[in-house]
Structure formats: structure tokens, C-alpha cells
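Next comes just one chain, in C-alpha cells: the form predicted on its own.
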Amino acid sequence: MHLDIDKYAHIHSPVHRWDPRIKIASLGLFIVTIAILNKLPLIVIAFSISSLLVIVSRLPFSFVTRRLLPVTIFLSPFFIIIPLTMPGDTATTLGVSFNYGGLLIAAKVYLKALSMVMLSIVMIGTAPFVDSLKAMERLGVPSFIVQMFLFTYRYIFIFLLEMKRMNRAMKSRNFIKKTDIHTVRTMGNFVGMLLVRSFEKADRVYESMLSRGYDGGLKTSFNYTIARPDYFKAAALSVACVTLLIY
């Protein structure tokens, strides 16, 4: 299992060539702008711009849709819950009172969420993850927060591999999950042992890092260079933000 956040960071596109610092700042500003919008036509325009950025980034369609699917599943009930529970003028269809204003609100929430998630995918998925984190640090994000993200991302895979090994060992001893006390006790021991092993692994990793000169700073070989097109892209997105907020 792999989260593959930066799986397609090697692709060549205008978004991939965008300086990570300006890209994160510009897309972050656009995400905030979308969160503020309230008029449906403006939200649709913002959604269109977000979709255009995904296309320009050349990220595979399947890569993006797999990450949008959980958002769709989570927000789909809003199209039923809000129209049925929102007070105000309602229309009756097949004996059910339905508020079309609630449907409009659900559509706004859904499109805004999809737009912000797409922008987040473009922001993180078009550069190596460590370079994006380093850019965040250059933008003023505290170093300890950046490193927490980095270590969590890196060592969660080790955690998952350890869990798979332990699960395989249990199956090799003919353990079968059932709805009984034995299964509950076994799974409790499984979780406890996994936490102990994870703590021991983290301690060994930290000592190994200290022995290699770790001083609390994040090291990367990426050289930040800002080209003229980077400013043009940021300016175009900033104009879009201001225009959406004005109207």
C-alpha cells in the first residue's frame, strides 16, 4: 500500500515547472477565495478554473478521480438531508416536502469542496513531497510542523508493512477472526504489540538520524529558482481571485 501523493511529480507541465513556493502561495490563496464565495455562478467559475488547472497539470484522470471519490461519497447525502430538513418555502413531490433552496446550498458545498480538493491535489501532486514541504518552510510554516508532516508521510509506510507482517504471522498460525472473546483479546494484543514495535522503531530511527548529524533542520537538494513565467501564473491566479471576490 502506498499513498502515492507525489507519484506523478516527474511529469513535465506548466504547473510542475512552477516554483513550489509561489505555487503553494497562489493555490492556497485561491483555495481561501473559493471558501469565501457564496454565489453559485461564481462557484461554478471557480470550479471550472480548478478543473482547468488539473488539465494543465497533466495529472492522470484516474489519479484525480480516485481522490475525489471519497469527497463525493461523503457529501452526496447533503443533497437529500439539507433539502428535506431546511426550513422555508418547500415544494411537495410524491408526498415529500422538498426545499429547493437547500438543494442549492448542497450544490454550493459540493462544488466548493471538489474545487478545493482538486487544487490541493495539483498543489501537492506536481512536485516531490519533500520539496513541497521545504517550500512551506520557506513560506514561514514552522519547521517542526513541516518535519512532523514529513516523518508521518515517510514512516506510515513502515508502520503499514509491520502491520502486514504481523497479520501474516497470525494467519500462518491458523488465526481466524470471529465474533468471540478470543478474537477480541488477540486483536487487542495485536494493536498493543504494533504500538510497542512502532515506538521502538521510532526510537531507533531517531538515534540513527542523530548519528548522521541530524540537527532539527530539513535538508533537500532542490534549488529554488523563480522564473518570469512563475510570476505570470501567480498574477493570473491572483487576478482571478480578486475578480471572483469583487463580483
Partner chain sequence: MHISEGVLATEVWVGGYVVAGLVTAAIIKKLDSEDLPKISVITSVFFVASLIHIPLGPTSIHLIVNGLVGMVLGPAAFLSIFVGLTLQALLFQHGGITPLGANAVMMGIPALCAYGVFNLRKKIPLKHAEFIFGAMAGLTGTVLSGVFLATLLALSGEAFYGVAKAALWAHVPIMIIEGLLTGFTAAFLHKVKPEILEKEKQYAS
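Numbering follows the first chain given and starts at 1. Superpose the two forms; the largest set of C-alphas matching within 1.5 Å is the rigid core. Bear in mind that the values here come from a model prediction, so they are computed numbers and not experimental data.
Form predicted together with its partner chain: not shown, discussed below.
Can you tell me if Asn174 lies within 4.5 angstroms of its partner chain in the predicted complex, counting non-hydrogen atoms only? Answer no; every heavy atom of Asn174 is more than 4.5 Å from its partner chain in the predicted complex.
Although the partner isn't part of this model, could you tell me whether Leu104 comes within 4.5 Å of its partner chain in the predicted complex, counting any heavy atom of the residue? Because no heavy atom of Leu104 falls inside 4.5 Å of its partner chain in the predicted complex, the answer is no.
Can Phe149 be called a contact residue for its partner chain in the predicted complex at 4.5 Å between heavy atoms? Although its partner chain is absent here, Phe149 would touch it in the predicted complex, with heavy atoms inside 4.5 Å.
Should Ile31 be classed as touching its partner chain in the predicted complex when contacts are defined as heavy atoms within 4.5 Å? Taking the distances in the predicted complex, the answer for Ile31 is yes, it comes within 4.5 Å of its partner chain.
Using a 4.5 Å heavy atom cut-off, are Lys7, Leu52 and Ser62 all in contact with its partner chain in the predicted complex? No, none of the three is in contact.
Across 59 to 75, which residues bring a heavy atom to within 4.5 Å of its partner chain in the predicted complex? Heavy-atom contacts within 4.5 Å come from Arg67, Pro70, Val71, Phe74, Leu75.
Honestly, after the rigid core fit, is Ile158 moving at least 2 Å at Cα between the shown form and the other one? No, because once the rigid core is superposed, the C-alpha of Ile158 moves less than 2 Å between the shown form and the other one.
Met170: Cα shift of 2 Å or greater between the shown form and the other one (core-aligned): The answer is yes; the displacement is at least 2 Å.
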